[in-house]
Every structure is written in structure tokens, then in C-alpha cells.
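So this first bit is one chain, no partners, the form predicted alone, shown in C-alpha cells.
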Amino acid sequence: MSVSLKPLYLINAGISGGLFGAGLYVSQMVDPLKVLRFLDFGAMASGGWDPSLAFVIVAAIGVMFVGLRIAGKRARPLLDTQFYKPESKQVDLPLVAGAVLFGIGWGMSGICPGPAITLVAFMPQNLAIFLMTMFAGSLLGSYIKPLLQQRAPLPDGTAKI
């Protein structure tokens, strides 16, 4: 994947990042307690569950759905030379393991990476520790992923040893 450094591309990246950060803050996705109340499905019976963050997810899916429909009718993006699509649609061991690890981290802290970076502007004391360990975990993941791919089953159902 290459990154274009054309001015319009950079301006678009800046506007998109600004909208994303503002949206995270306005929707309160930067508030770990709000996120944890959303993730606490066990509180549904008692009425303590907060479903309001589902609107953020639904809005994001709606925007992406429309964007993908428009992109599908174009030969190339407006500000780049090609579309960058996922290389794999396969649900494999690295994907499942990464999702589980991400979910554990998100559930424990109530902060996912986007909101964590948004919170840098406000610098709560524990955020520096969170960000340093998040980047360390990402680096560790880059070493673990090749090991998981070696153990993942081959298309014929056998596994590499």
C-alpha cells in the first residue's frame, strides 16, 4: 500500500481525522464509563444497560454503506490512483486471536484506540500508560501474527507444523 502525499489527499485526511475526533468526543465514546455501560449486556435485565453508543455504530455503518456503493461505481478514488481493498476475507486464527485480544483490552479499559488518541488532547494521567502499552502491544502483535499464520490451517484442512 502506498500513501499519496498530494495536497488534496492530505487536506481530506485532515478533515476526516477532525470529523472522527469530534464525533468520538461529542458521542462520548472517549468516556470509558459510557463505553463500559454499553458493553455491559448483563445489565439489560436491570435496566442499567446504555444502548446509546449503538447509534454511533449504526451511523458509521450507514455512511460506509453509502460510500462503498458510490465507490463501487467508480474506476478509482477521487484523490488516489486505486482502491485499497482487504487482501483476505478469510476468518482465520490470526483474525480470531486478534479480535479476542482487542475485545479483552477494550472491555478492560473501556477505551479503544481511536478514542484513546482523541483523549491525548486532554492528557488524563493514565492515558500515557495506556498509549505506551497499546503501541507495545501492537509491536508485540507484529511478532505474534506470523507465528499464528504458520499454525493456521491450510485450505485443505491440514496445519503447518
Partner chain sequence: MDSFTPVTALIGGGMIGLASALLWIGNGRIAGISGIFGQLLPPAKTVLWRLVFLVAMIVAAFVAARLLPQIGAGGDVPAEMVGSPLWLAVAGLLVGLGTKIGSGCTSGHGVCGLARLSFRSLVAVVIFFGTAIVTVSLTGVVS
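Positions refer to the first chain, counted from 1. Predicted model only: the values in this text are computed from it and were never measured.
Omitted from view is the form predicted together with the partner chain, to which the following refers.
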Wondering, does residue 46 line up within 4.5 Å of the partner chain in the predicted complex on heavy atoms?
-> no
How about residue 147: is it within 4.5 Å of the partner chain in the predicted complex, going by heavy atoms?
-> no
Though the partner is not shown here, which residues of 10-30 have a heavy atom within 4.5 Å of the partner chain in the predicted complex?
-> 10, 12, 13, 14, 15, 16, 17, 18, 19, 20, 21, 22, 23, 24, 25, 26, 27, 28, 30
